[in-house]
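In structure tokens, the next block holds one chain alone, the form predicted alone.
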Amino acid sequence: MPDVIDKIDPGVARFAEILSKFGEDPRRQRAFDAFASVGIPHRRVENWRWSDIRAGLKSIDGAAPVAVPADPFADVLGAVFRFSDKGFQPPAKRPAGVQYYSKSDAPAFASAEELPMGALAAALADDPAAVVIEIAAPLAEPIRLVFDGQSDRFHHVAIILREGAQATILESCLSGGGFANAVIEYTLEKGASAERLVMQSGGASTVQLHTAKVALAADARFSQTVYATGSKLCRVETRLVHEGSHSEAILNGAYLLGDGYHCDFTSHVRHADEDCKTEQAVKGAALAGGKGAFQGKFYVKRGAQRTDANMQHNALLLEDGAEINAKPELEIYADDVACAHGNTCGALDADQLFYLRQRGIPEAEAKALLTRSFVADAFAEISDEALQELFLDAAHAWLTEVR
């Protein structure tokens, strides 16, 4: 890597050294150059102002790892693709209707300039360089992706749903230490349908970046629900494009953050064709010392008429000293659309809390019940009742144990 890059951002040298072990690989180099031209994001970069990766990486250098959190999807049936600091482990049996293969050579990463940290994951992914999963039919059971470990790791996964295919994808984003950076590319062909459910949990000595790049063809449907409890620094990012008409997307999520934990929900949705729909509802809550962020943007291209898009972010500051920042945005170049966004931050309703206390419920339990009810709306679009209950139980367990 040229010396000038190191002078601009000395931290880039840390990753250039990893890149050098792969030898000559033009695709890796292109992805890495896209990352290096931007450098490690920090608070003076607008889109990263609440997720200072440069400072976060320095803060965990030399930090002792902790146990990897338990996988909340461990008891759910389905083929498991595991990605860890020990390498890739495929499922014991290939599910019917699914093909997968590992790539030793890095594939091209088309959005390198838009997603520099995703480009870094694609450039440094190893053992293998990428895993491609193709789904050609409706699946009876979910597919599970497990990302875990205690040291630095980079992963690149591509999931392709062929025309008319349907699948539920469960992603466990778990970390006990180090820098975990994964990028997942979803491609949905005409009429395909995918439900993506993500559980994130990390330790206080880890930086986690979990990025999804989603492309929807005509009549495709993508539903996403994320539940996160953060880490030293965590960013869950989704960049979605409606490439064909009459495609639909749901991007819901909830975060619960304790002292010393951070989570940034960032999304960018581009409506590039007519008659597409996006619904987004994100709920969050933080205790003293917890830091949450929401950044959502809907971009409506000229000619993308009859776009229907609604974005809502609502958050609770459960104690003094909690911090939540939000930046919802609309950028519209079509004149026949129905687009809206909303954002609120506040405290628990004092009257509701008083009502529960009057009925003999201890204050901590009353606050947990009200917060659980508040975030439950973010899980309402999960199609399977058992999985929806799993999300609710995970939130309730956090509220009762952490508080």
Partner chain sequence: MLVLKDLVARVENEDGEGKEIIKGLSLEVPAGEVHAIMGPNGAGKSTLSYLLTGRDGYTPISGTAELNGENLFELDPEERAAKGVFLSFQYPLEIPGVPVMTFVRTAMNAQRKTRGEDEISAPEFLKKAREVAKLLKIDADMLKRPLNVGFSGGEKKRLEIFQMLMLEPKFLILDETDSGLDIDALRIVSDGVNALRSDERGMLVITHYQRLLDHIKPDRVHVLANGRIVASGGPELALRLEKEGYDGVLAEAAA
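Everything numeric in this text was worked out from a predicted model, so none of it was measured. Numbering follows the first chain given and starts at 1.
What follows is about the form predicted in complex with its partner chain, which we do not show.
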4.5 Å heavy atom contact, residue 365 to its partner chain in the model of the complex: yes
Touches its partner chain in the model of the complex: residue 30 (any heavy atom, 4.5 Å): no
Touches its partner chain in the model of the complex: residue 373 (any heavy atom, 4.5 Å): yes
Close approach of residue 357 to its partner chain in the model of the complex, 4.5 Å, heavy atom: yes
Options 46-54, 347-355, 61-69, 333-341; stretch whose heavy atom lies within 4.5 Å of its partner chain in the model of the complex: 347-355
